[in-house]
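Here's a solo chain for you in structure tokens, the form predicted on its own.
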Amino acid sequence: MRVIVHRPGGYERLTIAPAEPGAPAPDELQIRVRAIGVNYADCLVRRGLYASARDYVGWPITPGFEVAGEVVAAGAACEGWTPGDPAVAVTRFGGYAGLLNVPAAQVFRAPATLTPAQAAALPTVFLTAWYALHKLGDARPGARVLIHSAAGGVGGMLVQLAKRAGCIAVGVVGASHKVEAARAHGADVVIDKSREPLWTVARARAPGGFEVVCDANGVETLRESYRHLAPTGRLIVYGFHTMLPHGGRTRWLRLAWNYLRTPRFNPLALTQENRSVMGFNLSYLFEQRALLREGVEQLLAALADGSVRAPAVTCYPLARVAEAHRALESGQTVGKLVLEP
């Protein structure tokens, strides 16, 4: 089976249908999916608010960016794969399915040390964190890195990668029950903004500012994230969670208001203050196959040397996909949510 969204809306738009992908093309592998990573972007796809979903697919659409399972069949041009091989794949949509065809360039062997759920929980969070911290942030040993949402999937991975790179990782969480999760990832300092003033504590921990700030919050924190950069510091933006809707219904007036409140950065000010603001969307990087492979090779190396571990996972049957979306949008989850067909 697979999940199909025929038109944008709430949880009721997540409908179940048979999965009938047909035979794989010569450059594709057919995968029997055992686990599917759930990302906040999937909720935006469902709502019709994800630009790349409109650009590449349109309606109807099956969400999903990452899966793990085993190879069922290999296309004629795919060498080195046989039925039964454990596989993890990144998908530009289409992942919410029990059986699917994926270009072989986007499929990698799943490490034997990981369960399917752990393997499916890794690609998106690792690639997002790796690209943000190393390709854009250029994080060096000793750099002070401020990481928002440090108990979540990407935030937790950012903490792990920051520590792997020898940085000082300051994690921010929005609730007290998330503090221990951020600490478990290796954060040197955890700021619980539900109990202490975020920016007062951040300033005390880095009086000269942060070399890198990773922010997926949007309007709630972007302005202050920029103000707390050190000279030559870099603000990396990869999401707008506080700007976007939560719950089943999209509140368009609130969305418009938050859009208007989102800070605009003046190029003259950037040069005078010697700071940078950079943003990206992972779904637009799929054509960069060398970059994708480099990122996956970094992931496998980090798993092998033990410097990175899979996030904690909470599993839902695929038929309960609406429940998983509701939980993710609540902002109370820790780690990664996974669907199991």
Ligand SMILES: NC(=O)c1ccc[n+]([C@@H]2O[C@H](COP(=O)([O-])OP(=O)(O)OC[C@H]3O[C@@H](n4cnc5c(N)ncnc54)[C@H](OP(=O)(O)O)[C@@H]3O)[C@@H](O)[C@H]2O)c1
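Note that the structure is predicted; figures quoted are calculated from it, not measured. Numbering starts at 1 and follows the sequence shown.
Form predicted together with this ligand: not shown, discussed below.
*Asks:* Hey, of 263-271, 173-181, 223-231, 198-206, which bit sits against this ligand in the model of the complex at 4.5 Å between non-hydrogen atoms?
*Replies:* Contact criterion met by 173-181 only.
*Asks:* Thinking of V5, Y96 and A324 as one candidate spot, does this ligand come within 4.5 Å of a heavy atom in every one of them in the model of the complex?
*Replies:* No: none of V5, Y96 and A324 comes within 4.5 Å of this ligand in the model of the complex.
*Asks:* Can you work out which of W130, F210, Y238, F108 has a heavy atom no more than 4.5 Å from this ligand in the model of the complex?
*Replies:* Going through each option in turn, the one that passes is Y238.
*Asks:* Counting only non-hydrogen atoms and a 4.5 angstroms cut-off, does G137 reach this ligand in the model of the complex?
*Replies:* The answer is no: G137 has no heavy atom within 4.5 Å of this ligand.
*Asks:* Looking in the model of the complex, any heavy atom of L282 within 4.5 Å of this ligand?
*Replies:* Taking the distances in the model of the complex, the answer for L282 is yes, it comes within 4.5 Å of this ligand.
*Asks:* Indicate whether this ligand has at least one heavy atom within 4.5 Å of a heavy atom of G331 in the model of the complex.
*Replies:* Within the cut-off, so yes.
*Asks:* So in the model of the complex, does T124 come within 4.5 Å of this ligand, heavy atom to heavy atom?
*Replies:* T124: contacts this ligand in the model of the complex.
*Asks:* Across 186-206, which residues bring a heavy atom to within 4.5 Å of this ligand in the model of the complex?
*Replies:* The stretch 186-206, when checked against this ligand in the model of the complex, contributes only K193 at the 4.5 Å heavy-atom cut-off.
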